[in-house]
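Have a look below at one chain only, the form predicted alone, in structure tokens format.
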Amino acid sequence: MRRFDCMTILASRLSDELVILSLGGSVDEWYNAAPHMREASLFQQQLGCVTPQAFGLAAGLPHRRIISLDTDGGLLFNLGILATLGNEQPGNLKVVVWDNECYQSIGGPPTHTASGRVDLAAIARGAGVEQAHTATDIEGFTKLCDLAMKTYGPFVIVAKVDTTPEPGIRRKHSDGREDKYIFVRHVELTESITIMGPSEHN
């Protein structure tokens, strides 16, 4: 199944959530699939950091649903986060792993999931995340999205997607530094808090 199609389905179910997502092609695809979530999305996080950062947000804002859009390569960099989710059981954190079985942004060398023996959902369940599932078609992904949105507790969806990038989409025009400020100001506005005050001048 196509990642962009899955993103469109997920985006239609989001409104007030905060989203953390990884590097690579998923950045521009999410930028186009979820235009109403652009300010609420923190783009271009490094491999191994996406779900940990989402967990930190979920712990700091327990009243608000947090979405991690991770990748197979990124999650494999830091499988320990699954043990943290299993132990801490954040009720407001939902994780989608785009599993295309390769490191697409560096030319496509295979990840461990390409072997057919490594099952990220099974690893998550073994770490204590009871609601961890694999979706291989759009119908299954849609059902899991709906279940995740109404389930309290950590929820992991491993979405088996192909490697074909979505053609003709608009490139995200901001860089990582600008993305950070856009995201932080959105959190400040929607939570009525101050995270980054004005610059101090000597």
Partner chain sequence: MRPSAVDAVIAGLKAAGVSIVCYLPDSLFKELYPALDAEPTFRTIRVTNEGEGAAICGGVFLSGKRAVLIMENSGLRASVEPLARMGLGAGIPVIMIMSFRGELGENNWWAIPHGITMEPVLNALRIPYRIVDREAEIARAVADAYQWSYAAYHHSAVVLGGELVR
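Every value quoted in this text rests on a predicted model; they were computed, and no experiment measured them. Residue numbers count along the first chain shown, from 1.
Absent from the display: the form predicted in complex with the partner chain. The rest refers to it.
Chemist: Heavy atoms within 4.5 Å of the partner chain in the predicted complex: does Arg13 have any?
Modeler: So Arg13 does not count as contacting the partner chain.
Chemist: Using a 4.5 angstroms cut-off on non-hydrogen atoms, would Glu88 count as touching the partner chain in the predicted complex?
Modeler: Glu88: contacts the partner chain in the predicted complex.
Chemist: With the partner left out here, check for me: in the predicted complex, does some heavy atom of Gly176 sit within 4.5 Å of the partner chain?
Modeler: Heavy-atom contact with the partner chain at 4.5 Å: present for Gly176.
Chemist: When the contact criterion is heavy atoms within 4.5 Å, does Ile81 count as touching the partner chain in the predicted complex?
Modeler: Looking in the predicted complex, residue contacts with the partner chain include Ile81, since a heavy atom lies within 4.5 Å.
Chemist: Which of these stretches, 25-33, 44-52, 164-172, 143-151, has heavy atoms within 4.5 Å of the partner chain in the predicted complex?
Modeler: Result of the contact check: 44-52.
Chemist: Quick one: Leu61, Phe77 and Val187 and the partner chain in the predicted complex, is every residue within 4.5 Å by at least one heavy atom?
Modeler: The answer is yes; Leu61, Phe77 and Val187 each reach the partner chain.
Chemist: Heavy atoms within 4.5 Å of the partner chain in the predicted complex is the criterion; list the residues of 131-149 that meet it.
Modeler: None of them.
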